Structure formats: structure tokens, C-alpha cells
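A single chain, nothing else alongside it, follows as C-alpha cells in the form predicted alone.
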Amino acid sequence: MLGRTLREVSVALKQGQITPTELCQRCLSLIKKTKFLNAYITVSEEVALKQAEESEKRYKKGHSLGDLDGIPIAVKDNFSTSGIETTCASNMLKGYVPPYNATVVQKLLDQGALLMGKTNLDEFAMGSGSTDGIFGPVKNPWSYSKQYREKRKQNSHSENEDSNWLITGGSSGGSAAAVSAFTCFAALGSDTGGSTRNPAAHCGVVGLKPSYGLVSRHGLIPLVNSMDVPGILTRCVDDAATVLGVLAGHDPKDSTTIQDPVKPFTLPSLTDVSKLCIGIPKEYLTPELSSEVQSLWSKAANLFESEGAKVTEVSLPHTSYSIVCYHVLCTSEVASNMARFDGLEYGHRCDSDVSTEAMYAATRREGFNDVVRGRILSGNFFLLKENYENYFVKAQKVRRLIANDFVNVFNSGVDVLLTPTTLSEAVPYTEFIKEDNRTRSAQDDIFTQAVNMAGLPAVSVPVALSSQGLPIGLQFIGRAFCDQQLLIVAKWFEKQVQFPVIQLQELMDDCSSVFENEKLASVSLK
């Protein structure tokens, strides 16, 4: 059951093959077994079991609320959850329990979803490895997969197995690991510069960043208001569409959401791609791109071409400025957003009572880690009166040029862009921490952040395993608010590539019945 897709489990629940409580208990026991992955910060066991009980009553009466009724989900710990601690993996919010639910969380609960817990992240979602939160790094489930272990044996690595675990990517690494390790069927992440797509690529799951304004940000603790979007992590494209259908739509509490009513995102199966035009941005072929990712990217383009689609090289000429532009805008908004954590209203407060100023300073020094403090300092520098025009205003103008690059490409007849999601597969933690957070984020966001600046929808789809036996994902980028068209193309592609299911037998011996179901190989990409 746990290895199935959300849609399949939904059918099994409706047919009574399993009850919501049984499903919930299986997920909870798997969460306990995979505790060492550090995917969850808080496991809301009692809440989930109570919700499962309610769901069961509805199923008995034949009154199911929809596809998500009784389905276990997880939520990144920067979404407010009423009565459940929300920390952003920071000392600043340790022990903070919000009095309300984020709109997206409320929408999932209204559909009967079971909240398994809050997932781990980089502190305040600043990072691309899920290594910088106060609860420690998240471990990639693929580190323990049969596929990776066998490849490592062949390459006769004799060093300590456990010291060589891989990062999940970030900052929504906990959510990606939770979905990848079968502890839930879907999870919420957030995406400011790639924080949902990057870990999805590294953990072999689907990561969707919806169009800016399609999904409410109310209750998502803000990083960069003009770029943040709630993200969706699932094991297949259809499931992402199901969740998006529930989350999308206007929210009076978020003035940036679209006013038009949103139709459900059901995805017809594409049989003919010959009318499609796929754009390949030439600026994304960077020297740092690993040869394996590059080769899979070409193969994917060839796959579309061989099926009759038009594949054309396109130019996004301002790409080279995009990471610097993103850095200026991102840190400036961070500096502004983080001002609210002053130790007065909520969150951490230091013991110093010398003066108000001293209390502010000490609170922020104790509450924020170096990464967050560094970004605040950076942002405040760009926002200084004497720097404002040269940095912040100029970056806003460049942002417009970057957004226009995409507009021009889509106006030229291109339907969807195909790009890498990450430069390479997941790297070992020991390797990852050799570089500081800022350098890492700048490298890892290279293919993803421009999409946030332009407000477009993008989805990372797992394609194949590398020679190391690790997942590699590719990214599809669509026109603004054409999320459905984007997902239809992604679903066709997913069906063609038949990405293999992660094999975690040793990890979960007594759950082995879950994975012995040989049907899984074909189920994975239905």
C-alpha cells in the first residue's frame, strides 16, 4: 500500500481494501523506523490518528470528502499549523505554536488529509542542502537504497558506509525524503529559488513549483514575498496535479492570488506530442553541468523529437545576470522580513535586560544562525540609502529583463522549456559542507531561481539513475498560469522514462511486504 500512488490508495480506501487508521499506523511505524533520516522535526501522531478516525467514519457512511480523504501527508516546518509547533528549524521559533493554519494546510485538512508531521529544512528555508537547520541535516533515503549500495560495492569503497550518506538537496529536503521513503503520499515544500525542485531531483520524486499567485502564501513564513510559492512533492505527476487542484485558487488573505475561479487539474493522457514545441535554453549548458546530467538532458530532447515534437534551441540572454540579481533581491527581502523577529511578540527572547537595543541584538544573535545573519547583513547593505539605487533598484530592472526573456521565448511559439534541475546527482554530506552555504546556494539554484523571478510554473521529474545508482531529475518550465499544460507534458514524459522505484528492503525489513509487490516497477510511473 505504501508504495502506491496517492490516486491508487484513494481507490483502495474507497473500496475498503484498507482503512484510514491502518494506513496512518503503517506510515507512523515507517516514520519511526526511518527516524535516522531526520526528515521530520515534529511527528503529529495523535493528531493524525484522530484525523484518521474521523476519516474512517466518513468512509463508513460513504461520505468521503474526495481523493485526499484519509491520505497521509507531511508539511514543511515553515507553514503555520494550528496547535503544532512551527520552528523553521531555527532557535528563533523553537517552541512557537501558531494559533492558525496556513491556507494550504487548511485546504488539505478540509479535504480529509492526515497530517503526519512537520518536515525538516534549512533554517528559515535558506539553503540548498537541508543541512543548516538546528535539528541537523536530512539524510537522503537513496543513501540506503539497494541501487546505490550495489554500485558502491562494485566501485569497492571500503570506507565506513554510514559516514558517506548523501544530502537530500534543499531547502525542502525533509519533505522530499518523507515522500521518497514512503512515510507519506504527498508533502508540502516551499520554493523561493528552487527549494522544492532541487530536493525532488535529488530524492527521485516529482517537485512542482506552481505559478506565482496560483496558490496562497498565507501562513507560509515568508522568506522572499515576491518569489515564495508553496511547492508540492509527490511520487508521480498525477498526484501533484491532484494536490494542486485542492490548493489552487483565490485566497482573500493573500492579495497576490488570482481572482479567477480555478478548475480541477485533471490530466488527460497525451498520446500525440507532435504539436508540441519544446525549447532548450542554450545558456543552461554551463561548464559546471555534469556530463551525466547533460547526456540525459540530450536524450530527453531526442525522445521528444523522435515522437514528432519540435525541439528548438532558444536563448534566454540575461541568464548570466540572474544569480547575482536573485542574490540582491533575495537578501533585501529577507532583511526586511526578518525584522519581525525582535524577541517581543513571539519566538525566542534573550535574558538581557540592559536596554531594549541590547535585548534586540542579543535575541537576534542567539536566535539566528550565521547563514540567516549573513543574508540579513547583506540585504541591509543593499538597502542602505547610498546603495539602494545601485543595487536594489538595478536588480529589479534586471529581474524584469529576465522575466521578459521567458515571455519572448514563449511568444515565439515554444510551449514548454526543458532544462536540467541540478548540476549533478546528490553528493555526500562530507563533500557538500566543504563549501559555505552561500557558494552552494549560488551553484545549486542556477537552473531554478530565474523561474521564481519570472513567476512561472516549473516541475522537476525524475528521469533515470546515474552510474552511481542515484536519481537525476530534469525540469520543465511552462507559461505563467499554464500549469495544467506543463503537467500534461511532464506526465507524458514520466510515462516514457519509467523511472525505477527506490528499493529500501534492508531499511525496512518488517515492512518488506510493502516493497515485495513486484507490480511496483510498473506502478511507479502510471
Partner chain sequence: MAAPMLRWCCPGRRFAFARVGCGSCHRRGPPTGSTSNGKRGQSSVAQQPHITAQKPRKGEPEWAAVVGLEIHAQIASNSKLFSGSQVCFAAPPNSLVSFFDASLPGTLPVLNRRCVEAAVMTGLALDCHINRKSLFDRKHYFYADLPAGYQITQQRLPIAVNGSLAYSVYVGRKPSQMVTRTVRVKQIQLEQDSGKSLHDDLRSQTLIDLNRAGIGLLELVLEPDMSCGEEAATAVRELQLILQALGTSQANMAEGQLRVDANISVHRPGEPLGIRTEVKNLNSARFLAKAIDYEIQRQINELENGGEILNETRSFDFKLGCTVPMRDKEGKQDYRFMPEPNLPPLLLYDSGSLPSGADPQQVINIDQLRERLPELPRVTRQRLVQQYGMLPEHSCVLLNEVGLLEFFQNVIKETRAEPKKVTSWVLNTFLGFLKQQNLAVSESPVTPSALAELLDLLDRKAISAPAAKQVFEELWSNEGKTPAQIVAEKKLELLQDPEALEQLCRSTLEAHPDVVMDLKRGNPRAINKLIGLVRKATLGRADPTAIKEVLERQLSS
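A quick note: this is a predicted structure, and the numbers were derived from the prediction, not measured. Numbering follows the first chain given and starts at 1.
The same protein also exists as the form predicted together with the partner chain; that form is not shown, yet it is the one meant from here on.
With the partner omitted here, the residue from K275, K263, K385, R365 that has a non-hydrogen atom within 4.5 angstroms of the partner chain in the predicted complex is K385. Only one of S295, N91, S336, S412 lies close to the partner chain in the predicted complex, with a heavy atom inside 4.5 Å, and it is S336. Judged by heavy atoms within 4.5 Å of the partner chain in the predicted complex, the contact stretch among the candidates 385 to 393, 112 to 120, 422 to 430, 263 to 271 is 385 to 393. Taken together, G127, N369 and D436 are entirely out of contact with the partner chain in the predicted complex: none brings a heavy atom within 4.5 Å.
Residue contact check for S80: one or more of its heavy atoms lie within 4.5 Å of the partner chain in the predicted complex. Contact annotation for D342: at least one heavy atom lies within 4.5 Å of the partner chain in the predicted complex. Among residues of the shown chain, H327 is not one whose heavy atoms approach the partner chain to within 4.5 Å in the predicted complex. Using a 4.5 Å cutoff between non-hydrogen atoms, P99 counts as a contact of the partner chain in the predicted complex. Along 347 to 372, these residues reach a heavy atom to within 4.5 Å of the partner chain in the predicted complex: R349, D353, V354, S355, T356, E357, Y360, R364.
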